[in-house]
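The chain below stands alone and is given as structure tokens, in the form predicted alone.
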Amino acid sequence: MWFFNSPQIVFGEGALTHLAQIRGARAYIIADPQMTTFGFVERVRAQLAEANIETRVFDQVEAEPSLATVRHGAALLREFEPDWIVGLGGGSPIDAAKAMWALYERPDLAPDGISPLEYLGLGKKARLITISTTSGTGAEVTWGIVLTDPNEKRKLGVGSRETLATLAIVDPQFVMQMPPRLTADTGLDALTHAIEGYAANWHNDFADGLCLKAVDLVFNFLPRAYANGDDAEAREKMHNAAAIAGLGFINSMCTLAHAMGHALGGAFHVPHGRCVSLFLPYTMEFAANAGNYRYADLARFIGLVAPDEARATRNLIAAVRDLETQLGSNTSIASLGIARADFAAALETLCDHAENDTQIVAAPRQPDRAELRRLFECAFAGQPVTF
């Protein structure tokens, strides 16, 4: 038995105006400072005002939100008692909003206690709206939450099916201003979600089609969005791709690239999308070396012709590396500016955190400790994975 979960999704040009039709009394908008600077918070407040909903704003969510930020935000919610919580931004504000919602309704809960194994009883006080302003994380349609413990320098993957948004707004107006580097990082994050969601041990018929479509959209439209930020079609297609990939992987699972990426990002403060996409081709090689050729389906779907599954798989891995190079993304840990000595000093901790990451359990090939260490070393030096 398995589950398929999705919020109600309103997408396309003008999707934000749907907020004027919702019913409620008070809404708390959770965002980062840029959302206020760009005027996005006011756009949301204006639509909620049309629905006669009183609003307050917490716009101090940092990148990779900390446990302290989540606790502070939950305290603010308890003071205001909203019946809607609005997560506005990229993955960080949206994940923070999910966690704050859980702690608002369950004050007895610690952030790391948000788990699929724990009944939370959410929805008695408020419902959640998510509005994505980047085209990558898919956080607007997923129930997963990534938080940071700065004391232990690690990321925590938590979440519950109950932390899924009630309503997700996928409006391309919010991504027309994204700069090329952010476009690349977030777009490659979406690609990693789709490929890992398709290859995961927990793949299933309901999620597979979403992952296939997301991979196709990314390869077709991410180079265009990166090269020309004013390409409205490319922006809209990539915004859709991110949400579609999010639906795909959250109903399957991400795998080893995410486990390793979370570990590296927590230790060295590297953006999430850049981390996970860096590890993607290395982890694909690792799985393919053991005869896992599910990647061949993805290769054929995007038109990479090959005489057999092994060659098709290698073609897809090469295409991922070519795309990353085309977008000027980092293809090795060393290229991030991390010194060999610092990497070596952190390596055992990186392995510890990757082994303890929830995403590793669905990897199509499970590494032992020695293999995981070698994978990190290959990724540091930019060497192919031959084992």
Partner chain sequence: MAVKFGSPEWVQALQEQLNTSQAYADAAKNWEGDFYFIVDPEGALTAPIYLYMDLWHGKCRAAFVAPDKSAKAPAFVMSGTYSKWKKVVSAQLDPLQALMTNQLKLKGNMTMVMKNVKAAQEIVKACTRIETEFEM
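Residue numbers count along the first chain shown, from 1. Predicted, not measured: the structure shown is a model, and the values here were computed from it.
One more form of this protein exists, namely the form predicted in complex with its partner chain; it is left out here, but the text below deals with it.
Participant: Does the 4.5 Å heavy atom contact test between Thr358 and its partner chain in the predicted complex come out positive?
Facilitator: Yes - in the predicted complex, heavy atoms of Thr358 and its partner chain come within 4.5 Å of each other.
Participant: Is there any non-hydrogen atom of Asp352 lying within 4.5 Å of its partner chain in the predicted complex?
Facilitator: Close contact exists here: in the predicted complex, Asp352 approaches its partner chain to within 4.5 Å, heavy atoms only.
Participant: Going by a heavy atom distance of 4.5 Å, is Trp202 a contact of its partner chain in the predicted complex?
Facilitator: Trp202: yes, in contact with its partner chain in the predicted complex.
Participant: Heavy atoms within 4.5 Å of its partner chain in the predicted complex: does Trp143 have any?
Facilitator: Answer yes; at least one heavy atom of Trp143 falls within 4.5 Å of its partner chain in the predicted complex.
Participant: Are all three of Ala110, Gly113 and Gln366 close to its partner chain in the predicted complex, meaning a heavy atom of each within 4.5 Å?
Facilitator: Each of the three qualifies.
Participant: Pick from 290 to 298, 185 to 193, 223 to 231, 113 to 121: which stretch has a heavy atom within 4.5 Å of its partner chain in the predicted complex?
Facilitator: Looking at the partner contacts, the answer comes out as 113 to 121.
Participant: Select from the listed residues Arg127, Arg154, Arg274, Arg235 the one whose heavy atoms reach within 4.5 Å of its partner chain in the predicted complex.
Facilitator: The residue from Arg127, Arg154, Arg274, Arg235 that makes the contact is Arg154.
Participant: Counting non-hydrogen atoms within 4.5 angstroms of its partner chain in the predicted complex, say which of Leu77, Val158, Ala267, Leu167 makes the cut.
Facilitator: Contact with its partner chain in the predicted complex is made by Val158 alone.
Participant: In the predicted complex, which residues of 1 to 26 put a heavy atom within 4.5 Å of its partner chain?
Facilitator: Contacts from 1 to 26: Met1, Trp2, Phe3.
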